[in-house]
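Below sits a lone chain in C-alpha cells, taken as the form predicted alone.
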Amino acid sequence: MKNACVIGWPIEHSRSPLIHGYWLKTYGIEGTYTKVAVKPEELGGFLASLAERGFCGCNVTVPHKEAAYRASAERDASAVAVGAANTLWLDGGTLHCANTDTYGYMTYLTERASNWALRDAPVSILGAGGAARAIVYGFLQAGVGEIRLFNRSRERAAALAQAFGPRVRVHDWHQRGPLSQNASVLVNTTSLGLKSAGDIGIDFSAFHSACVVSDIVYVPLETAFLAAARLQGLATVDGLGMLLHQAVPGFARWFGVCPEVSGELTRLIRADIEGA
C-alpha cells in the first residue's frame, strides 16, 4: 500500500484529500491520501521522516512551498523556475520536488479556451506571488512574447520580472485596466475576490472581444471579476480547473496511474465548494 498526504499550516481547508480519494476509489488503488498539519518550525523534521512515517510523497501548500523547495535534493525545471514546490516524492530515499501549478493552470486554460494563443497579443497578470511566478513561467514556455505584470507592490513585481527576463514587463497597478484591454489573456493571481472579499476594479467595456479573463480564485466559483467580464461577452476561465489539474502529476508519481479530471470529479468538488 502506498500512502501520500498534503501538508500545510493550517490545512483544514484543503480539498486535496477529496480529489485524491476520489481517484484512489475510481482506479481501485490500495492506498491512502490524508492531510497533515505541519507547523513551519517542524517542516524540516517532517520531510526528513517521510519514509519513516510511511509516505511515498506529499503535496505542499502554504506556507511551506518555498521551504519544501529548499529541502529537496532534486528539483525539476518547474520548481527551479518558480522557486517553490507543491509536489514531493521519494525516489531511492532521495527527496524530489516539482511545481505542478504551471501544468495545472496551462492545461485548464487550453481546455477551456483553446484559442487563447491564436492572437499575437500580450498576456496581463495581476499579482506577483508564487502563483503568478508559476503562471508567468507557463506563458513563457508557451512562447508568449510579452507579459505585462501588475502588482500593488511594484518592487515585488520587479523582482519577479528580473528572474524571468525582458519578456516580462512591470507596470503600475493603476494601469491594470487600460494596459490589459488588448491582452490575449488577463489573469488574476491575487487574493482579491476570495470569498467575495475585495474588488479588482477593472472596467471590461473596452476590452478586445477575444480576450480571455481568468481567475485562480475558486471560492466562489465565479468571482465578481469573472462575472463582470462575462457580462461584457468575454470568455472566462475559473480557478477550479487549476486546482484539479495540478493534482494529476503528483497522483501519477505516487500511485502509478495518470488520473482523469472527469466531469464527475469536477461536479463533486463544485458541490463541496458550494456547500461550504
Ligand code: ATR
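Treat the numbers as computed from the prediction; the structure is a model and nothing was measured. So that there is no doubt, residue numbering starts at 1 and follows the sequence shown.
Another form, the form predicted in complex with this ligand, is not on view; read the next lines as being about it.
- Stretch 124-132 is the contacting one of 71-79, 124-132, 201-209, 103-111, since its residues have non-hydrogen atoms within 4.5 Å of this ligand in the predicted bound form.
- Residue contact with this ligand in the predicted bound form: Ser191 places a heavy atom within 4.5 Å of it.
- Among heavy atoms of Arg156, some come within 4.5 Å of this ligand in the predicted bound form.
- Using a 4.5 angstroms limit between non-hydrogen atoms, Ser180 is distant from this ligand in the predicted bound form.
- Interface residue remark: Lys195 is not counted as part of the site for this ligand in the predicted bound form, having no heavy atom within 4.5 Å.
- In the predicted bound form, this ligand lies within 4.5 angstroms of a heavy atom of only one residue of 167-184, namely Trp173.
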